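Below you will find one chain, with nothing else, as C-alpha cells; this is the form predicted alone, and questions on how it binds or moves follow later.
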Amino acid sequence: MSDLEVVEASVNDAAEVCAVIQAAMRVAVSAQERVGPPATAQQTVESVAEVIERDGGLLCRVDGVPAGALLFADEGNGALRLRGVATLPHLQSRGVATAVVGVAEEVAADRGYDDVVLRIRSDLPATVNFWQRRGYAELAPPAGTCLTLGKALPVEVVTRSPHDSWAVGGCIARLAKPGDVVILTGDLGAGKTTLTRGIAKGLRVRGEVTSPTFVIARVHPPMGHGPALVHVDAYRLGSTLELDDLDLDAALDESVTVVEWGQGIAEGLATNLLSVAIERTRGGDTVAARRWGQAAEEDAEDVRSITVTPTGARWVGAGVRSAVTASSTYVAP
C-alpha cells in the first residue's frame, strides 16, 4: 500500500513544487492535448517560492516522491484561487489530484474563505469533468479557451438551543432568492421544522409553519414583495416521480422551496441547492456536544450540529460560510 501525504508547502519545497508543475505541463504538451503551456509552466523556483511565501501552496508526495502540487492566490471577495494544479501522469491513479483538491478546500475553509475558484482549459473535457464531479460549477461563459469554475464551501456550526437553530434559518432566509431550493435532512426531532420557522420569519411570510407531514406541501405567501415559502415534507414520498406529482414547477421560480426529508428525492428541483443536515445530540456524547464541553445529558439536550452545503454557481460569491458562521452566535427573541 502506497503512502500518500499532502502538506502545505514551505519555501523550502519550492523546487519540488516547481518541478511537479513543469513536468506535468511538459507531458500535456508532448501528448498533444491542444494546450499551450500556461504561465505557471514558465515559472522558476524563485517565482514559485515567492508565491508560496505570499499565498501558500500544497505538495503531495507518494512514497516520499513528489507527485502533485498547486499554488494558492487570494482572489479577493472571499475566494481562494487554485493555480498551477498539477499531478504527474504516471501517479494519477493513486488519487493524487483528489487528495490535493480535498486538502486545498480544507485549507480554504480554515483560512476563512467562502469559496474556491480556478481557471482551466475549456478544450480539455477530461479536466473539466474532473472538477465538475467535485462540485465545481461554471461561473461565466468561456473566455477563449479559459474556463472559470468555482465552488462555495460547506460550513458546520453548533447550536445550543432551538432559538440558535431558528437563527440559522433566519440567516438562510437572508441569503435566499426566488428559485432557491433548500433540502433539510435529520432524524425525527432534530429540528428541521424549527429551522424552517426561522426561514419563514426571515422571509416575512404569512401563516404558522408546522410540520406538513399529512398535507405534504404548504404555500406561505409573502406579507410584502418578497418570495413565498413552499414548505414540503417528503417523508411519505417514495421517489422523485411522486414529488413531481405535487406540481411544484409553477411555484419554484417565484418561491423559496424548503423540502424536509428531501435528500435523494428533491435534488432534481434545481441546479442550485442548499443542503442542510442537522445532527441531534444523544446523551451529551456527540462531536457537537463535546465541542461545547457539554458533559451532562440535560445540558446537551438541545445541542445540534448543522452543516450547510451549497451546490451550484449561484452560491459562489454569496458568502454562505461567513453568513452562517455569524448566525450561530445569534439568539432569536
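Residues carry their position along the shown sequence, with the first being 1. Since this is a predicted model, take the numbers as computed values, not measurements.
Just so it is clear, the following notes concern the form predicted together with a small molecule, a form of the same protein that is not shown.
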Interface membership of residue 165, the small molecule in the model of the complex, 4.5 Å heavy atom rule: yes
Heavy atom of residue 201 within 4.5 Å of the small molecule in the model of the complex: no
Contact label in the model of the complex: residue 260 to the small molecule, heavy atom within 4.5 Å: yes
Contact flag, residue 187 vs the small molecule in the model of the complex, heavy atom cut 4.5 Å: yes
Segment assignment from 128 to 136, 190 to 198, 144 to 152, 69 to 77: heavy atom within 4.5 Å of the small molecule in the model of the complex: 190 to 198
Answer option from 81, 121, 94, 160, heavy atom within 4.5 Å of the small molecule in the model of the complex: 160
